[in-house]
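Let's start with one chain on its own, the form predicted alone, as structure tokens.
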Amino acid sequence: MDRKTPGRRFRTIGDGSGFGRDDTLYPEELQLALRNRGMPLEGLRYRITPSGIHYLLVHYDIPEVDANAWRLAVGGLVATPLHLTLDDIRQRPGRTLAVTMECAGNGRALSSPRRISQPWLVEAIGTAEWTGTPLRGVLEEAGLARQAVEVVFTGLDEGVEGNVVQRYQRSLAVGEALRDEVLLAYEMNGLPLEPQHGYPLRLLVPGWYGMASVKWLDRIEVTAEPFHGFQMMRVYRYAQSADELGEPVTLIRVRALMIPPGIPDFMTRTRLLRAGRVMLAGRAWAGRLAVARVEVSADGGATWSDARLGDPVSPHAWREWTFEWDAQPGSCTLCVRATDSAGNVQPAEQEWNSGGYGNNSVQRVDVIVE
């Protein structure tokens, strides 16, 4: 599936270690940041994120797809291989789910040292209503062989990583692929998928970080062995060095974010607001777990008070929180943290890993109160 690029050499970025100095933004990182986008944090006010501000990450290029000629191939260890048109898929039983999706690298730019890659701060997040057909029905129609272990998903996007020319590919264990909420999605917020979001069809895996939801689906293959492709074994691992395999990145960790109050300083984004009662608000989520608690601090994390929780948007999506704050004149740092139903609490400082994955450390918002 992958092929090496013998004789081809790509220039070294930085010192060649793969890590950047804290005070240096490399042109390659800027290029990635301009191709991709995070959700402006004021977008947290929306229960469902408008498609135009939902976070976006495109690994390689957005492929050109003719939906009339496109077919989804389903093969490997199945009794009946399938070749499905988009109409075939749309005619199947449909389901619409509100799902919070977060990039696994969200917060990477806050690590020290940081991996030279997409320099996310905290905005790689969004909640959309996705419409599609359950993957389970397609796999059951194809007929999984008894020895089936994993399901491999291949996108149409192609590029070079690790000096290998490859398609973007990820796999799920059969049990994960058969979960009722895993969809073959063809609509986002009631409209056909936009090109950058995976048109005409993408995988949607609620609860997992975004790397699992393969876009521009081309084929699905059922295998008898775990898939060892680049996007499974070389990246998206909680590793301490390039030589360590580490544990795979899977489910989203608990997190809360705040809508920055007041108005921003243009360059620093420090917030300016008037003294008095201020209603702070935001959203919290925890992958497949529930959000059990959200706390707010107005003194940089020295003391914490409970926020009020609203209802979840769906079992797979974030929930609103609010907190009434008596803002006194001066400078301060607002913080927010969440706790999930298993007792996991956002850390004050993130545990470091070489890829900058799974960063769910406490958000800090600098404020000047007049």
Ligand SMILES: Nc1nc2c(c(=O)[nH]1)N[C@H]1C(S)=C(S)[C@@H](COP(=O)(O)O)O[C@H]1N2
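Keep in mind that this is a model prediction, so the values were computed, not measured. All residue numbers are counted from 1 along the displayed sequence.
Another form, the form predicted in complex with this ligand, is not on view; read the next lines as being about it.
May I ask whether L57, D157 and G210 each come within 4.5 Å of this ligand in the predicted bound form, counting any non-hydrogen atom?
So, yes: the whole triplet contacts this ligand.
Quick check on L280: any heavy atom within 4.5 Å of this ligand in the predicted bound form?
Close contact is absent here: in the predicted bound form, L280 is far from this ligand, nothing within 4.5 Å, heavy atoms only.
Is R202 close enough to this ligand in the predicted bound form to count, meaning some heavy atom within 4.5 Å?
Taking the distances in the predicted bound form, the answer for R202 is yes, it comes within 4.5 Å of this ligand.
Report yes if any heavy atom of Y236 sits within 4.5 Å of a heavy atom of this ligand in the predicted bound form; otherwise report no.
It does: once this ligand is placed as it appears in the predicted bound form, Y236 has a heavy atom within 4.5 Å of it.
Can you tell me whether R253 touches this ligand? I mean in the predicted bound form, with a 4.5 angstroms heavy atom cut-off.
Close contact is absent here: in the predicted bound form, R253 is far from this ligand, nothing within 4.5 Å, heavy atoms only.
Can you pick the one in L135, A185, V214, V294 that has a heavy atom within 4.5 Å of this ligand in the predicted bound form?
Comparing distances to this ligand in the predicted bound form, the residue within 4.5 Å is V214.
Of the residues A98, A298, V78, C103, which one places a heavy atom within 4.5 Å of this ligand in the predicted bound form?
Going through each option in turn, the one that passes is C103.
Counting only heavy atoms and a 4.5 Å cutoff, which of 302 to 310, 25 to 33, 49 to 57, 315 to 323 contacts this ligand in the predicted bound form?
Of the options, only 49 to 57 has residues within 4.5 Å of the partner.
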